[in-house]
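Only one chain is given next, in structure tokens, and it is the form predicted alone.
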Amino acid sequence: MQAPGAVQGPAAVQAPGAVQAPEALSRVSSVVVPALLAAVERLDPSLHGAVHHHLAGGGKHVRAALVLISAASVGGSEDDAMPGAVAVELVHNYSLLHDDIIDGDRERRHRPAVWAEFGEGVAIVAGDALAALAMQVLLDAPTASRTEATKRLAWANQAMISGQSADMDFEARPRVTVEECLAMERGKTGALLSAASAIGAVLGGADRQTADALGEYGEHLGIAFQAVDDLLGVWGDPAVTGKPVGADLLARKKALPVAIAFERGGEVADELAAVFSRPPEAGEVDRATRLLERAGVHDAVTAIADEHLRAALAALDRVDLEDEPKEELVEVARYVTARDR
């Protein structure tokens, strides 16, 4: 284990199995999955097939882990934090159902996406139902801490929607800046990881300063997480990511690698803008990838991920946390910014 101040850079093109998931994620999955499945039984039976199909794809439950580990880090109990863990996972999964429709992705975790298997209407309504259920789970017992957790989750949901809207708006624009891209990713990905970490602290009985520090940890972790995801969207192994080579380029996503290339300007930026201005053609994903490599964006995106990983770990050092859960938060942060999936 490296010292907390040392940063292991993201490894976007590692061989499968090169990054070992922390034991904490397996432990959390073993307790969250039964609670999650129990919660979705409250949905209308007509949605059970679609929702169970989606959840059967698995996942590492990183967001739920942040809730439970953050609660433990402030001396809270797993039982008190479990509704927050379930609620955060419900919001995350509703967003995945809708994202697959928006992006036209027919597969999720190497299985048919819900919209491809059950139809767009079912996927939309199932996503809506999961989002509503998340709030119900938290407010079943409307204590002060549960109410505060619900407020934070509602805020995160709005930020996620704003980030998704910005991402869609980028598709119609010829270029975007790095600052605009980071703002979009702060909402689309950082907001829910921030809420998960803060909600765990709130349900664990922490004061606002501690909860906010853990929320800051989660926000920076989310940006670093998304930066690595952006690298995987260009250079990731399809056997690991479940998506074709250059998936983001094929979809004309103006993620961080592309935004950085645009901002650096010059001939590469002009050529890349020309590629993005027309529908995908044979060989153009390879051409766009070569242009990004000429612009040196891989290292630049990695540097952004490292910067936000350092900021996430620094946020943990600003407040008094239990040693073992704090170390688990460090391990989770290092894992999600140096992963292959």
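Note that the coordinates shown come from a computational prediction; the quantities given were computed from them, not determined experimentally. We number the residues from 1 along the sequence you see.
Keep in mind that the form predicted together with a further copy of the same chain is missing from the display, and what follows is about it.
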property: Residue contact check: residue 82 to a further copy of the same chain in the model of the complex, 4.5 Å heavy atom; result: no
property: a further copy of the same chain contact at residue 43 in the model of the complex, heavy atom, 4.5 Å; result: yes
property: Contact test in the model of the complex: residue 209 vs a further copy of the same chain, heavy atoms, 4.5 Å; result: no
property: a further copy of the same chain contact at residue 110 in the model of the complex, heavy atom, 4.5 Å; result: no
property: Contact segment among 162-170, 254-262, 198-206, 220-228, judged by heavy atoms lying within 4.5 Å of a further copy of the same chain in the model of the complex; result: 162-170
property: a further copy of the same chain in the model of the complex reached by all of 122, 129 and 142, non-hydrogen atom within 4.5 Å; result: yes
property: Contact assignment for a further copy of the same chain in the model of the complex, among 269, 116, 133, 232, heavy atom within 4.5 Å; result: 133
property: Partner-contacting position among 98, 188, 243, 175 - heavy atom within 4.5 Å of a further copy of the same chain in the model of the complex; result: 98
property: Stretch 142-164 - residues with a heavy atom within 4.5 Å of a further copy of the same chain in the model of the complex; result: 142, 147, 150, 151, 154, 155, 157, 158, 161, 162, 164
